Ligand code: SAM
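Before any questions on how it binds or moves, here is one chain, the form predicted alone, in structure tokens.
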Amino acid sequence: MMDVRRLLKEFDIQPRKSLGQNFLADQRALERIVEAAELGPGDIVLEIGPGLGTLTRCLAAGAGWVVAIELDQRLVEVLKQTLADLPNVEIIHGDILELNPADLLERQMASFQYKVVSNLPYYITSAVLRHLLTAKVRPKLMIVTVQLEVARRITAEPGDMSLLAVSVQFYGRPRIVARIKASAFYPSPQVDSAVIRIDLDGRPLVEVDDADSFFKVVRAGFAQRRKQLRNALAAELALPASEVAQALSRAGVDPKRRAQTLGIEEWAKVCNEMQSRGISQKD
């Protein structure tokens, strides 16, 4: 387990389950994460939840600058000591959900692009992805380690889509690049993990008139996913089912379909059609 157990014992730290502290300690897994990030000296990397710094050290070897955000003050003190020899690493104590990535990276960014490479704490995976993908300044690439089941949900295709899948695929193209056994972590979680690569182009992958309205419609569709789309949207948006059915048909979507069967492009057509026809949505 590399230096994980030694460091925990040396600094008298017990991993906190409430913070999702399962430390990646397999060297090959760390190497695969870094390989997927394709780092170079011109890259600035944002790492969330660096823990004991095992991945941080690998990132620093390939990137020009690494900003590591750690919530646990105990681990911040460990990181400051164990990574003191790395001049291109900045350790920040804070909650990423309360921080603006652009503010964190402003001093180092020659342009508004950066990469995210992180073993995301499981309990905030969806919130962190949403926070970073909807920020005014978005990364150009994300390499994140998440639970295997979450990885499958994010990379799902029409027929098995979810709100999480639509939320990520609206902004980028996700794919699983590696699977990591639970035994690669200490303490070992109960499930395996996967490394996801999300390539972003700086703008959403589909054209919509308004992103907020897009997600309002999508959330409404998935709120009652067992219902036919016309009924789910009508109920959640307080609209006549007949109007919703007509809008779906004009968008080329069968009103009897269910939310999980639609791809990103179809959701965009539905949203744009509803807006263009002036179908109002309740606040």
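Each residue number is its position in the shown sequence, starting from 1. Quick caveat: nothing in here was measured; it's all calculated off a predicted structure.
The same protein also exists as the form predicted in complex with the ligand; that form is not shown, yet it is the one meant from here on.
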The one residue among 104, 83, 124, 150 placing a heavy atom within 4.5 Å of the ligand in the predicted complex is 124
Counting non-hydrogen atoms within 4.5 angstroms of the ligand in the predicted complex, say which of 96, 165, 200, 116 makes the cut. 96
Please determine whether residue 142 contacts the ligand in the predicted complex, using a 4.5 Å cut-off between heavy atoms. no
So in the predicted complex, is the ligand close enough to residue 221 to count as touching (4.5 Å, heavy atoms)? no
4.5 Å heavy atom contact, residue 24 to the ligand in the predicted complex: yes
With heavy atoms only and a cut-off of 4.5 Å, decide whether residue 29 touches the ligand in the predicted complex. no
So which stretch, 224-232, 243-251, 48-56, 210-218, is the one near the ligand in the predicted complex (non-hydrogen atoms, 4.5 Å)? 48-56
So which residues in 63-80, when you check the ligand in the predicted complex, have a heavy atom no farther than 4.5 Å from it? 69, 70, 71, 72, 75
